[in-house]
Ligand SMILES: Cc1cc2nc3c(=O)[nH]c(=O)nc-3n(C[C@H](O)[C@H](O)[C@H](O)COP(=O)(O)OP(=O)(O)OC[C@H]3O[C@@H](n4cnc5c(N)ncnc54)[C@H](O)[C@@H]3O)c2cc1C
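Only one chain comes next, encoded as structure tokens, the form predicted alone.
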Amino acid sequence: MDCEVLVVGAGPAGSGAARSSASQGARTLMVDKKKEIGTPVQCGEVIGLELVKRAGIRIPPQAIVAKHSFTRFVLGREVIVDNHEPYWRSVTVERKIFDKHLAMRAAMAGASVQADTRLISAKVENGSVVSCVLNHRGEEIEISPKAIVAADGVHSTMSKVMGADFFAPMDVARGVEFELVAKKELPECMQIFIEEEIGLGYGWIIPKGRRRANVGIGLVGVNASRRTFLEDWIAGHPVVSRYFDADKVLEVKIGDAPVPGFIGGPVRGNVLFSGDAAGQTLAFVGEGILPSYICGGLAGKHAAIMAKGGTQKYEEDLVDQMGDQLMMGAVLRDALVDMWAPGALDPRVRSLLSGAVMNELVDPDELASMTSAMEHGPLQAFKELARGSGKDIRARRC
């Protein structure tokens, strides 16, 4: 099991890294602690189609369970905003299928792939890892990779090994969702809920068919039982409760998502961090599947360069390839954090302005001038913003 590049974690970032590293000619080993790659599912399973083009991949048809031609924002339980712009078109995938597909691509490129293989410890000298101990299905194995890609999630083991602390508590959304059977047919769109009842986080309905969906919430800075919070939210929300009761649960999915804004391509010694371990998500909505895959591919490329004795330029390459998306997400995320600070805005207005910012109907620097309009006529204010933007965005009352 010796290798030049070790990839820890076989999610999208890890598979992207392993495929890229192997394609560069480096002997590559990707390990994952799970017995089955792609499980358990810990996200909403939605992928923006604009990112599919950027990633240059084809999603296998058997992994796609729903297509969404627009995204609906439900703001403050007052206003519904339907965004038909191309950026907000998406698909829902079965992660259990899609993640295995990505791992298979890495294996076909020449990487060794080992599920049920856990990183136990690492020996660090002069700031770099010189050896790692893996538990490979009950057997301890020591290896000495020349470079490592840490793609092992927001609670990364490699981060702890290297003493790298990338996230503050407010940089992590605590997510929980139920895969539910709906009481009636669902709209053919993803729905995002921004409201005072959730706070800085958000809620979602992500269809997986006409009568099935992931229904969840991401809590930021809220100290509460996730499952109880979600059950109460489903029962009490006037829109969500039209479609769902929390008594038809097919699967419970719990996980944390980093939303720190753009922190680049972190490198510590010979360890390159990628995916959730590096906060490489679209921070204002937490989408991380394809951003992680793309960034993982760059990490793998430069890990291979490092392993061959060259000079890696991971962060420079990442800024060139994904900087626009990740930085845009960071700007919007920072604006949302400011709006949800205690006392920053009238509670009723915050949700409406958050929706305007997320739909890029108002620049974050112009929020003060919009506050009064939102207070006195939210629906009319949104209609005027949408008309003035020239975008295919429609607003109506809930």
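The first residue of the sequence shown is number 1, and the count goes up from there. Just so it is clear, the structure is predicted and the values come from calculations on it, not from any experiment.
Below, we turn to the form predicted in complex with this ligand, even though it does not appear here.
A.B. asks: Work out which of the listed stretches, 69-77, 163-171, 321-329, 270-278, brings a heavy atom within 4.5 angstroms of this ligand in the predicted complex.
C.D. replies: Selected range: 270-278.
A.B. asks: Is there a heavy atom of Ala299 lying 4.5 Å or less from a heavy atom of this ligand in the predicted complex?
C.D. replies: Taking the distances in the predicted complex, the answer for Ala299 is no, it never comes within 4.5 Å of this ligand.
A.B. asks: With the cut-off set at 4.5 Å between non-hydrogen atoms, does Leu119 touch this ligand in the predicted complex?
C.D. replies: Yes, contact at 4.5 Å.
A.B. asks: Taking any heavy atom pair closer than or equal to 4.5 Å as contact, tell me whether Met374 reaches this ligand in the predicted complex.
C.D. replies: Met374: no, not in contact with this ligand in the predicted complex.
A.B. asks: Evaluate Gly203 for contact with this ligand in the predicted complex, applying a 4.5 angstroms cut-off between non-hydrogen atoms, and reply yes or no.
C.D. replies: Gly203: no contact with this ligand in the predicted complex.
A.B. asks: Name the residue from Val129, Ala257, Ala213, Leu230 that puts a heavy atom within 4.5 Å of this ligand in the predicted complex.
C.D. replies: It is Ala257 that has a heavy atom within 4.5 Å of the partner.
A.B. asks: Of Ala304, Ala103, Ile289, Val81, which one comes within 4.5 Å of this ligand in the predicted complex, counting heavy atoms only?
C.D. replies: It is Ile289 that has a heavy atom within 4.5 Å of the partner.
A.B. asks: Would you mind checking 4-28 for residues with a heavy atom within 4.5 Å of this ligand in the predicted complex?
C.D. replies: Sequence-ordered list: Val8, Gly9, Ala10, Gly11, Pro12, Ala13, Gly14.
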